[in-house]
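The form predicted on its own is given below as one chain in C-alpha cells.
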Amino acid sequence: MSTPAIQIVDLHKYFGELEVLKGVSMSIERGEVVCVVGPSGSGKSTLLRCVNLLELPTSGQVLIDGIDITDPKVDLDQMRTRIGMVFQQFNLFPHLTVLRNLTIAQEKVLKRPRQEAETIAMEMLERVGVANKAHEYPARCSGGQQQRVAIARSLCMGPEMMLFDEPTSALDPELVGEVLDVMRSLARDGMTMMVVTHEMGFARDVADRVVFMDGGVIVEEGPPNEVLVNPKTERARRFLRMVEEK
C-alpha cells in the first residue's frame, strides 16, 4: 500500500470549551479529489485549516506523505511549500500588481531569481486564464479573476496537493463557474485536492469521494453517487434536501 498524501488521525480541536472536531480520521490518496460538505458550523473549514496547521489541533495527528507535521521537530515552512491553500477571501496584496503577488513568495521562500519567478507566474496566470491581468492591481479584477489569481499564486510554489476552503462562497453566482472550471482542470491533471464546498454539482462531477460532516464528526463518506444521490443517513438526506430547496 502506498502512503496516503494526507492522513488525519483522531483529530480533536477545541476553541475554549467548544469542541469543534471530535476525533476525525480520514485519508486522501495521491491524485484523489475529496470534497468535504456539510452544514455551517460542522467543522469542515477547521478540519481543512488543521491540515496545514493554520489551526493547531488540540490532539491527534496530521501526516503529509507519512510525515507527522504536528511533531514540533518538523520544518513546517518546508512542508507548507508542498501544500497550496486557497481561501474564501482571496488574500491578495492590494498594493502589489497581480504579477508581483505571484512572484514575491517564489523569491522570498523558494529563493528563485526574479526573472524565473516572473516566467513561472506568467505560465500560471495563462493556465488559469488571467494572463491579461498581470500588470493590473487586484482591485481592477473581478472576484472570479481575483480567485483565479489566488489559485495561480498557489500553483507557482509547485504544490503536491491543494486545499480549497469554500473558494466560491464570496463570489457572485455568475463568477462561480470560471473558478470551478480551473479546479476541474487541476483535477483532470491529477492534482491531489481537498475541497470544502457548498457546490454540490462540482462535488458530484469532480470528486472521487465525498465526506459529509456534521457536529464535528464524519457522518458519511463514499463516492458522490452514494453520498449525494443516495445517502444512508437521515442527517445527510435532510441536509441535501435543504441545499436543493435553496
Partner chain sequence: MALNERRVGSLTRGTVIAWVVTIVIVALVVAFADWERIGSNFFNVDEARRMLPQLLTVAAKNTLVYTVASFCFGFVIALCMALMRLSNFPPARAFALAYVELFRGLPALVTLILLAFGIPIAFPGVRIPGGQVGAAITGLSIVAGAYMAETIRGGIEAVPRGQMEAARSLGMSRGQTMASIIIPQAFRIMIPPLTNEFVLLIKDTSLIYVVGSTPATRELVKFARDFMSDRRNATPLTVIAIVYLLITLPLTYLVRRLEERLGKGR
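These figures come from a predicted structure and were not determined experimentally. Residue numbers count along the first chain shown, from 1.
Here the subject shifts to the form predicted in complex with the partner chain, a form of this protein not shown in this document.
Contact check at 4.5 Å (heavy atoms) against the partner chain in the model of the complex: all three of 92, 104 and 111 pass. Among residues of the shown chain, residue 74 is not one whose heavy atoms approach the partner chain to within 4.5 Å in the model of the complex. When the partner chain is considered in the model of the complex, residue 80 lines it closely, a heavy atom lying within 4.5 Å. In the model of the complex, the partner chain stays beyond 4.5 Å of every heavy atom belonging to residue 217. In the model of the complex, at least one heavy atom of residue 52 sits within 4.5 Å of the partner chain. Only one of 120, 85, 134, 171 comes within 4.5 Å of the partner chain in the model of the complex through a heavy atom, and that residue is 85. The stretch that touches the partner chain in the model of the complex, counting heavy atoms within 4.5 Å, is 52-60, out of 22-30, 175-183, 65-73, 52-60. Of all the residues from 153-169, those having a non-hydrogen atom no more than 4.5 Å from the partner chain in the model of the complex are 153, 154, 157.
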